[in-house]
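First, one chain by itself: the form predicted alone, in structure tokens.
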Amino acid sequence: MTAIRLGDLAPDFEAKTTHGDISFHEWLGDSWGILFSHPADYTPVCTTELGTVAKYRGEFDKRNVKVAALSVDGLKDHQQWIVDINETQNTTVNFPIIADDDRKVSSLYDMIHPNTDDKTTVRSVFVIGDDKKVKLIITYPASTGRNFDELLRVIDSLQLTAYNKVATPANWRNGDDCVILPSVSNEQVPSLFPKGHKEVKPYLRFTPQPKM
């Protein structure tokens, strides 16, 4: 199959989850989404990740982002594993975990990498916009837990730059200055960026962050 690329329409699918059956695009509605995979249930790094996402639910909600996890185990295992996650991570898992024991969704999203393991998923992350298109793809090895603070930072950047003619510089965080896109002429700058701007080079112009 062809690998998913940035800007592609996120593949739709139907699946059983710990929150009931879903049709992915319908479930997303007009929200942004995160779909992220785990090598297997009852694994240590995954347990900490799903607990962290549960604790961050309010942050995702503020950004209009729905989150769904996936592993190649079945629904019964997911439900039993959630008990362990809630207990060990002192939280309540409050988002769906997709049962993918037939590997239908993980194959659709190219989450199984044979050079790593031909049976289980790597730690894939897909951020999907409210237009159902893929905005970000990150793949971690099974041994490395994800940084969800970084995912929130990237979502802030994606949402800001989707609706404003700016990009975000290295290590940018919500509230920092942004750079004006080169496609914006100097004549357009005053009307588009009334907060002002600073020109370091003709191609490097900073402006206070526009409203998100």
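So that there is no doubt, residue numbering starts at 1 and follows the sequence shown. Computed from a predicted structure; not experimentally measured.
What comes next is about the form predicted in complex with a small molecule, which is not displayed.
Of the listed positions (I34, V45, L160, L28), a single one reaches within 4.5 angstroms of the small molecule by any non-hydrogen atom in the predicted complex, namely V45. Contact with the small molecule in the predicted complex, defined as a heavy atom within 4.5 Å, holds for exactly one of V127, I112, A142, L108, namely A142. Here the chain stands alone, but in the predicted complex its contact with the small molecule, taken as any heavy atom within 4.5 Å, falls in 37 to 45 among 63 to 71, 149 to 157, 172 to 180, 37 to 45. Looking at K132, you'd find every heavy atom of it more than 4.5 angstroms from the small molecule in the predicted complex.
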